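Two versions of one and the same chain are coming, encoded as structure tokens; call them structure 1 and structure 2.
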Structure 1
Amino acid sequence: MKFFGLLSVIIVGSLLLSATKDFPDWGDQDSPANEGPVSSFYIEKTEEKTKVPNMVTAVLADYRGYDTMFETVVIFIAGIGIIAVLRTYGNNDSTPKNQVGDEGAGLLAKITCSLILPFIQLFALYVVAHGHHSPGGGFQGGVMLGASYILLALAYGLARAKSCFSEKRTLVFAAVGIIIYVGWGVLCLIMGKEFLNYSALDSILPGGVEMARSHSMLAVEIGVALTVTAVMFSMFSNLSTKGRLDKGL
């Protein structure tokens, strides 16, 4: 089986590498992506139409909102899939107080974690909230928040991390993130326009049509961040304990 797996990797890798010769040169101004009317529209009109300086976030959360919504759904499904495959429910999710702190790393790692963890989470929230004005967004901020709980589990043990972010809470957060994203699109339908057409919300959001699109991007990015945070920590918890959730790495 290992031989056939290695052979498959070699064949697929060779095909992918052979296709790189068709790519345009790095930084080529005449590449198809730069010459197309869609790219020119994004570059020239994004900030004018959405009041969002970060063109990447505007494309992901507005112009390509359907795609990003389903990417978030895929992340949610991946987390549910890992739970379905690995999770064993013989243990209660509640952790006795006398077990908290029985695992984890040494004293130095715990002290370091205590010092840097608040700053990691604060910066993660900044990345989510400011992602439509500077580099960042829901995916990046969600990964940072999820990583902060993983760091807590590595330093203090999974029991301590679960006391802050239990299995039930992770599932709720993951679902709420999807609900926020989809619900925002449904709200656009209720207001009389297409699904995820944020301009429909100008009557209930301050600042006119353009600012309504800007505010809506922040809302859906928050939903993405919730789902990514919860699924990331849930995947770590199940993979590191083989689905038992009784003791981490």
Structure 2
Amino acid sequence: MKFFGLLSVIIVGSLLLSATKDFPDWGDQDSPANEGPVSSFYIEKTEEKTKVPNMVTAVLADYRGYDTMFETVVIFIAGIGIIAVLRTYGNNDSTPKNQVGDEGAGLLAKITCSLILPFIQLFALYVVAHGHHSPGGGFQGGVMLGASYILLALAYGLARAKSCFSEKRTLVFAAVGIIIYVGWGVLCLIMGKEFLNYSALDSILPGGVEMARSHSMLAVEIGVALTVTAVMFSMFSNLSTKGRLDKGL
């Protein structure tokens, strides 16, 4: 088995390596991918049309809005799937073995975590809100915010983290994030243009068509961040307790 695996890997790898000589060089400005009309359009027109200097955020939340919407749905489904596979309710006979008690980590770790947690969360909110002008966005900020709750659970025990972010609240947050995203698209429909065509909202958002698109991106990024935060914490708490949600790592 190992031999056939190695053989097939070597054959596929040498085929792929022999194909690399047709690929563009490293850093080639005139490669088909970099010269193509789509990426040239994104680089040259995004700031003019959306007033968002960060092209990645603009493409992610505006031009490829459908893609990002269903990406958020994929995250949501993954969270729901983990709960469906793992979560057990009631008192099972399988008492947790070889698990540290719920008192969390030592004193030093607790104090350090309580000192840096507010800054992590503040930075996460900054990453979400400032994703238009600097690297960042809903996914990145959402993961950071989720990681702050995971850190809380690691330092103070899962019960303490669950008192801030209970299981019901994670599910509600995950659903509300998607509802914000989809609702924003439906709002564009109601205002008379296509689904997720943010330029329809210039009559209710200040600053003209371009700023309407910019503000709409912020709105959908907030929705994405809510879903990602909730699902990240839900994934951690289910995986670390085998779905019992009683005692963490």
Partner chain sequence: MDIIIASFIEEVIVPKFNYWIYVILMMIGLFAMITKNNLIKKLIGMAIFQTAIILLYVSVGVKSEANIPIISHHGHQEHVENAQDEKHSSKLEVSTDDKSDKSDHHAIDKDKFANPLPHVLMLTAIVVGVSTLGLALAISQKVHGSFGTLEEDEILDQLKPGGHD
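Here, residue number means position along structure 1's sequence, counting from 1. In this text, rigid core is short for the largest set of C-alphas that superpose within 1.5 Å between two forms. Keep in mind it's a predicted model, so treat the numbers as computed, not measured.
Form predicted on its own, given as structure number: That would be structure 1.
Hinge residue among L205, D25, G183, G81 (rigid parts rotating between structure 1 and structure 2): Between the rigid parts, the switch point is D25.
Rigid-body rotation of the smaller part against the larger between structure 1 and structure 2, in degrees? 12 degrees is the angle the smaller part turns through.
Any chance you could measure the C-alpha shift of L7 between structure 1 and structure 2 with the core superposed, in Å? Comparing between structure 1 and structure 2 after core fitting, L7 shifts 9.8 Å at its C-alpha.
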